[in-house]
Structures are given as structure tokens and as C-alpha cells.
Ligand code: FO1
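Next comes just one chain, in C-alpha cells: the form predicted alone.
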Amino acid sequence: MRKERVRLVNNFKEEDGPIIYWMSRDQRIHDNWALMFAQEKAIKRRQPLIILFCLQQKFLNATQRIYNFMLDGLKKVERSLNKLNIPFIILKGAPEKIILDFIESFKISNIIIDFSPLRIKREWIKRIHDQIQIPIFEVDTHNIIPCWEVSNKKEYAAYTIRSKIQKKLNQYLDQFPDVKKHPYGWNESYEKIDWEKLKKYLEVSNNDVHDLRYNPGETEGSSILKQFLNEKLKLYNQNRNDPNLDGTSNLSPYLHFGHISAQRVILEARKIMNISNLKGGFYDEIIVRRELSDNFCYYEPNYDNVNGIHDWAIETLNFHRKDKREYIYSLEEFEKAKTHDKLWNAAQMQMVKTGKMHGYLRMYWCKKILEWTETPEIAMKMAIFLNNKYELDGRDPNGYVGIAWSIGGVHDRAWNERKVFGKIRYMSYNGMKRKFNITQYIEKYSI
């Protein structure tokens, strides 16, 4: 694998002892550069390899449904690892404590982690880093080009990062080697995972509506990918913005939990459709927009509030801060889809019922929250709360950036000025009527 995918977080001497891969963002066995790097290092040093996962009692407003999706996927990870002679252990609690205890108890020699640009993961890593004296390696196995390799600064928009990606893309689209059966076993005894007990450990709200269409795991993600490539890819540009046609890939939950690699998606899609242009279309979304989202969250500490948006956007929103709103809704009214707008309500209910709102409607949904709340700060806070609570692919850089784009014009330009929005791009009910059959959509997802 390319050495640029890995970076050394600290500089301590490597000693003998088992090696751990702290699996977090990328919950899969195959096509996982972090796992491959960890195994390569463990084999070279003739050491056992252990995979850890740290389970939080609650995480960024995620519901029981989202935890179920994740845990059911991890159960499949455990089964696959058992065949590879690699133990899989789930630790409960704060990572900075339980990982430290594990390292000390079992004389761990190295820790490998998968990269995330989000604040919470980076804070965990820093706290662990400050208290241990063993090497920490970070591997970006989520992006095709590692975040720190694409750019060393916050990019202004898609057009500023696209050319940087274009120059490096081919050299990073290398094939994945297979994970091997690990030759060095771990002789320590450890508690077998009780999956039902883990679910009882959680302190999360329950959303008892579950769409069985989305089933977790690598195999399921690969099946969704195959269906998309065979049936939808060639008509993607034509159908993607019509929520009634199901023309999107439906891969976002699998990409979010790392059940499938974006690089694998590109390697397979390339067999059907060449990457001739990164502007517009499927390749723009899964390569440029995804890497741009990670770039924003990595280099902008205020990715989840209005302090992270462009100066022109702050200025125009402040200028219109006291504009009279025709409607004002509470969080409860939004959550229960109790607005005057039937299309907005249907979009909210699609998210609540299925765990996934159509991407084109997410923009409309979010911009209306800006229009129907007292301030941009409240709007962003509510949109993040609802997105994180109900979307299977919430709590993700793509979600934070999508909200920042809708409410704060991030990665966008100034448009014609209007009430409340100022120069932020506007979307209207009548505009949506011209794009697709909204009556059909409302009938499908109305309360």
C-alpha cells in the first residue's frame, strides 16, 4: 500500500507486543487500508493482531435504530474476523480510558486508527496520545486520496479542490490486496461479545420505525453497489434529482459506516463508465464532494456552527437577521412534520420512516428550516439534530457540510438577495413542483 495513506501520530520506539487496530469509522474487513497496514506490521513483527471497537452509550443523538444498524454490521465483522484468526473485542465506555486500560493490561506495542476529520474522534486520539508511550499510526482508509494529501488547507469550493484531486487520483486508485488468515494467535482469554447485552447498555432514544430495505454489512453494501452499477449508473445524471424514480445509489449508509469503500465503488464503476470528467455526475459526488466534505471538517473547527461559514454569508445573514419570518416552528413541530408545507413534511417523514431522505430534498428541507426559524444559529442547530438523529448516514462530514451549504452558503456563491436568506441560495415549493411530481412523493410519505 502507498505509504502516504499512513501517518505517524507520535514518535515512540516500537517494542514487542500485540498490535491493535482501533476500528471506528471503517467497519469492514475487505478493502480496508487500516486493517491491511495493521496486519502487515503485525506479521512483520511476528505479533498477534487484535481489532478493537469502542461502544459509546450515546453518540451525537443517534437513535436505537441507527445503533442496531451499526451493531448488526459489527456482528458480521466479528464472524469474518473469527475465520481469519483475528480477535474482535468491543469495549464499552470512553475510548481515552478503556483503550488505555487495554494497552496497559495486554502490553500492546502499537495502535493503528482509522482517520476521521470530526472533532470528537480527534479529541479522543489526542487524549490517548497524551497518556501513552507507544507508536500511534493513523490511516485514511475512508477517502480515496488521504485528506492530508489532497490539500494542506481548507478549500474554498469544489472547483478549488477538483484539480488537486484530478492530478493525484489515478495513482491512488490501486487494487486492494486480500486480508490473510493471521499466522500469530493471541493466547489471552477475552470476553465473548454478548450482542443483546450491548444493546441494553445503550442510553439512546428509540425509533421503532425501521425500513428493512437497508440491511447492514459488507455483503449487503456490495449488493446495493452491484444493483446501482447494473441498473442506474448510466441514467444517473438524468434520474438522480427525481425522488420518485429511486435513481440514486443508496450507498450513503454503507459508505458512512464504512461497510463499503469509496475506492471499491470507483474501481467497480470504472469498469462500466470511464472517469472522463470529475465535474458533475456520479464521480463528482462520490470523489470530489466527499473529499471536499472531509477537507472542510478537518481544517474548519467550526464545521457545525455558523462561525465556520464564509464572511460574505455571515454578513448577508446578519443583515437579514431581523427580517420577519412568515412561519416560525419549534423543534418538536419540525420533528413531527407539523409544518404548513406538505412537501417538507413528507421529506421529514421519509427520513423518520426509512432512515434516509432523498438527497435533492435534503437541500430543500434544510433551507426551509433556515426560513422558518428565528436565527441561522437555531436553524443550523435544529438541522444537525434532526439529521444526526434520523439519518442512517448522519453524524458525517457530508451531513455537516450539506447543512453548512444550505444554511451558510459554504462551497457556494452569492445569489440574488432576498428576504431572510440574503444572498444564500434559495429553493422554493414552486421550484420543486417544476422539477418532479411532488404529489406522488407527498402521497407516499405523508403522515
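The first residue of the sequence shown is number 1, and the count goes up from there. This structure is a prediction, so every number in the text was calculated from the model and none was measured.
Although not depicted, the form predicted in complex with the named molecule is the subject of the following passage.
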Problem - Lys336: touches the named molecule in the model of the complex, heavy atom cutoff 4.5 angstroms - result: no
Practice task
With heavy atoms only and a cut-off of 4.5 Å, decide whether Ile66 touches the named molecule in the model of the complex.
Solution key: yes
Exercise for the section: Using a 4.5 Å heavy atom cut-off, state whether Leu55 contacts the named molecule in the model of the complex. Expected result: yes
Practice task
Indicate whether the named molecule has at least one heavy atom within 4.5 Å of a heavy atom of Val410 in the model of the complex.
Solution key: no
Practice task
Consider the chain as shown here, without its partner, and state which of Trp124, Trp312, Tyr184, Tyr172 has a heavy atom within 4.5 Å of the named molecule in the model of the complex.
Solution key: Trp124
Handout entry: Candidate from Ala379, Ala62, Ile29, Ala42 lying within 4.5 Å of the named molecule in the model of the complex - any heavy atom
Key = Ala62
Exercise for the section: Would you point out which of 417-425, 29-37, 388-396, 43-51 contains residues with a non-hydrogen atom within 4.5 Å of the named molecule in the model of the complex? Expected result: 388-396
Fill in the blank from the handout: When the named molecule is considered in the model of the complex, the residues of 97-121 having a heavy atom within 4.5 Å of it are Ser116, Leu118, Ile120, Lys121
